[in-house]
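We begin with a single chain expressed as structure tokens, specifically the form predicted alone.
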Amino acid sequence: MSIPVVAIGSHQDDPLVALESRSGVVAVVRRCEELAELIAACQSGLARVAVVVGATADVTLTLADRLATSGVGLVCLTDDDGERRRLEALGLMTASESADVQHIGAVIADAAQAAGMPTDNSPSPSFSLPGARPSVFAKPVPGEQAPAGDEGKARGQVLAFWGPIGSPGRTTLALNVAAEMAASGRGVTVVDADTYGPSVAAHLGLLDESAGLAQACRLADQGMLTAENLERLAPAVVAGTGELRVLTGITRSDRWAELRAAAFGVVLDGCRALSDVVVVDAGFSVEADEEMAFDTVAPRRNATTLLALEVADRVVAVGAADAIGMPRLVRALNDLERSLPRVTPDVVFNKVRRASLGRFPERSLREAWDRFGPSRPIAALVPFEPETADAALFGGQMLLESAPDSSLRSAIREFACPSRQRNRRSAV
């Protein structure tokens, strides 16, 4: 039985003509003039494989992911060796336009078979989102060669900070936890993945106009992300006795569409290869409401947040310790459970103070949480010290630099590096 194929590119004397007429392996059901037409044809169920002949410059990881979401494989035919290397770095199947017809037919058959099979044995994500294929996250940074004997080297863990709308202090906690980890001797990369209000650069006093994460996603989408340019896009920032690599967020809210899901997954995996810990400052929303506004697969503003939470080794849910912040966190955790049921975050309450909770704020907060909150314990309580936090923000510093002896810094340090671990290191 012939494999239904949609094609784009040269169709005069191209290998598909010979393949269709001589072997009957494929049946070209449509010739497309542009990629939008190709995507629409694939999403309509016309074909099992899409073939791009010659003009492969516009083929990206996002395109391959869109087709894979529809159960369609992608094959690129080009005589340009450099272009084939780029496409293969994206994990795509390629062949030369001048290759033997039987070889091209075999590649197309392999693509059809792969499109109908799981990519690996990893558990599939618990939400329906283009770009969430496990193979994307397992992919090494294109162009990076592992040293001999280093194949089993442990990769960095992902620590994602998330919380409801209302500025509960996600970024402040994320950056100061990252700084404490860096001061303890760990390699740390901070990723600003908030598509609504990115603020990592401002907290660090960086005059950023480059949007490092957007640039890294663009390179990953083209199959051109290497360890070297990832290091360049995530420069080191001194934080006390340690250093943080920082991948800054988008510079304008309308640039969120540059953070495509599949490319963001590759960037995260590259950061894991670069550091011991990847701290992600995620956005607040876990909704996938964009799918209600489009009949076809479209960019999703919350994709970076959903992917970061899905692949994180640890998720920290940050809430404000007051009469508004606690109900918001309870509702947000319910939304998170519906979207990502496998994610079990650690709950941290920020801005704990007597003025909002009474004479014994910590006890009152725990009693209220036990009564009204989800069946999940509070992992940490962080006191409210606005003057200390404001001074650090004004100076573009971390608390370990501006207020090393403050109660605020002590609570964050205890959460980032528990006493038991600090004592073990000091005893070595």
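Values in this document were obtained by computation on a predicted structure and should not be read as measured data. All residue numbers refer to positions in the sequence shown, first residue = 1.
Note that the form predicted in complex with a small molecule isn't included here; everything after this is about it.
Shown alone here, Pro386 lies within 4.5 Å of the small molecule in the predicted bound form, counting heavy atoms only. Not displayed here, the small molecule is approached by Leu393 to within 4.5 Å at the level of heavy atoms in the predicted bound form.
When the small molecule is considered in the predicted bound form, Gly265 lies well away from it, no heavy atom lying within 4.5 Å. Mapping the unseen interface onto this chain, Val382 counts among the residues with a heavy atom inside 4.5 Å of the small molecule in the predicted bound form. Annotated contact segment (heavy atom within 4.5 Å of the small molecule in the predicted bound form): 170 to 178, selected among 251 to 259, 236 to 244, 170 to 178, 79 to 87. Among the residues Gly187, Gly197, Gly205, Pro327, the one placing a heavy atom within 4.5 Å of the small molecule in the predicted bound form is Gly197. Interface residue among Arg301, Arg218, Lys351, Arg272, judged by heavy atoms within 4.5 Å of the small molecule in the predicted bound form: Lys351.
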